[in-house]
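Here we start with a single chain on its own, the form predicted alone, put down as structure tokens.
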Amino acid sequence: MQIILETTADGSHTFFLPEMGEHYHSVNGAIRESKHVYLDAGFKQCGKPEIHVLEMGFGTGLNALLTALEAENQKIKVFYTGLEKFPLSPEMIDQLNYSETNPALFQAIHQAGWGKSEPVNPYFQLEKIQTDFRDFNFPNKYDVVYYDAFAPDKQPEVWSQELFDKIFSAMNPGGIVTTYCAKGSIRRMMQQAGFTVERIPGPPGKREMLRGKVL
């Protein structure tokens, strides 16, 4: 599959998949989008001294990098699980400019082995799992879920009621799931699963996004 490197509006990179007509991150700013959707609307709203994060769509590792930086900044312990069906090659990762933020940390995230839990820094424990979302059995409980799959019209099979039901069952009280998606059908799936769902302002280029909470 062809993958094309592109520079987004905030100067950070993303990849474009011509076959799907889809970008890994927003062309209006990859880092800006990740901070807005997952860090500011999700991770920073948790407020626990120890946070278990599940990322649905590890992709470029950008969300993991920003979360690891925030964990170190806040001096809180984070256990981070990232799911990815098609991991990017080291050659593709080396093209990205995210490492300008913290080269050693970005390299540590991508050099961590798949299928095992490894410390990346004193505050960030990472487990990367190569799997189809639909095959994951959610063995642990999570405080924050980043739902960062490709758009529902591109990958409808990973935006299902069954998956949202499983996520809800795997969340701790007070848990948060956040996604850039704002479609009404996805909001209704989240509500049916048991989440209290709110539409909140989206990142640049998107009017709204969704956030679900476990009360």
Ligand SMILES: C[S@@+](CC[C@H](N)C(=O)[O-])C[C@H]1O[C@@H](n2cnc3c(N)ncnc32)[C@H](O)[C@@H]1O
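Heads up: residue numbers just count along the shown sequence, starting at 1. For clarity, every value in this text was computed on a predicted model and none was experimentally measured.
The following text describes the form predicted together with the named molecule, which does not appear among the structures shown.
- With the partner omitted here, the residue from L54, A149, I31, M190 that has a non-hydrogen atom within 4.5 angstroms of the named molecule in the predicted bound form is A149.
- Listed residues D94, D132, E100, E118 were compared with the named molecule in the predicted bound form; D132 is the one with a heavy atom within 4.5 Å.
- Using a 4.5 Å cut-off to the named molecule in the predicted bound form, not one of Y142, A170 and G175 places a heavy atom inside that distance.
- The closest heavy atom approach of N63 to the named molecule in the predicted bound form falls within 4.5 Å.
- Though the partner is left out of this view, E72 does not reach within 4.5 Å of the named molecule in the predicted bound form, counting heavy atoms only.
- In the predicted bound form, the named molecule lies farther than 4.5 Å from every heavy atom of W114.
- Heavy atoms of Q155 reach within 4.5 Å of the named molecule in the predicted bound form, making it an interface residue.
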